[in-house]
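In structure tokens, the next block holds one chain alone, the form predicted on its own.
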């Protein structure tokens, strides 16, 4: 697509909870318009379309044959790779909710299809577009913390049995993993974003509370490429649940975040605003603002129009998926896994 003055037409695929955030974000961007919505549950799709006054596509083939430029994918995780690849082969750019895919092979196929088709597959990681997260990353890169020593993320969430009951959630085929691959992936991604790639992991994951096929409790000891050590904790088994906490510690000072808020700063010459965390999404997955999505979608639309560089790519998302899969492998084998 060129820099011509036209709007990017986006079709929404899937009508679950996250689709609301995608539609709200897209409606807030001037350079795009929503072409319509498709979901495999007709009544749910009709209700969703009426809510936002959208056209209803009757099949995926109708979407692929339409004049839309891009699809935004809000379907179960296990469908992401196949739909993304098929969409790009049919000439569509793709926005895909987390995770990018469930296996290394699927991630690689998406990346190769991008190269072959020239289309964009843009995964979602809206926390990377948080002002506070970006300020912390900038401070790390500027050496404000000195040599990093301990950098960790703790995600002690709670999900009820009803959250999983009768759903694709918690299944190996469609969820690919539990507390890490689904609920914890954003926290793991921003830890990587701020600190850098992980060199090795030693981990243990378990299913302690829920009747599901994947983990509801996980812990991993990690070693970063830059030498720092850290911990990743993820759970949906912790009552009543606590906000995600991210800690960046170094020889010159340390900092802590809860969700999107900076709650503690002990770093000389680092003037960051401390605020209270008011988010409730550690208990309710729908209890967060769509502002992060709006910011990321704006960058994606501008990238399609040739106005900006895509900031978060499929390669970035694939590295986070590969880290989570390495944690699972370490738990299975009982051995340290090197990435």
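What you see is a predicted model, and the numbers here were worked out from it, not measured in a lab. Numbering follows the first chain given and starts at 1.
One more form of this protein exists, namely the form predicted in complex with a small molecule; it is left out here, but the text below deals with it.
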Please determine whether each residue of 18, 76 and 186 possesses a non-hydrogen atom within 4.5 angstroms of the small molecule in the predicted bound form. yes
Only one of 13, 327, 317, 10 has a non-hydrogen atom within 4.5 angstroms of the small molecule in the predicted bound form; which is it? 13
Give me the residue from 222, 155, 124, 248 that has a heavy atom within 4.5 Å of the small molecule in the predicted bound form. 124
If contact means a heavy atom within 4.5 Å, which one of 268-276, 24-32, 38-46, 309-317 is the stretch that engages the small molecule in the predicted bound form? 38-46
Just to confirm, residue 80 within 4.5 Å of the small molecule in the predicted bound form by heavy atoms? yes
Can you tell me whether residue 119 touches the small molecule? I mean in the predicted bound form, with a 4.5 angstroms heavy atom cut-off. no
Taking heavy atoms only, is residue 99 within 4.5 angstroms of the small molecule in the predicted bound form? yes
Heavy atom to heavy atom, is residue 168 within 4.5 Å of the small molecule in the predicted bound form? yes
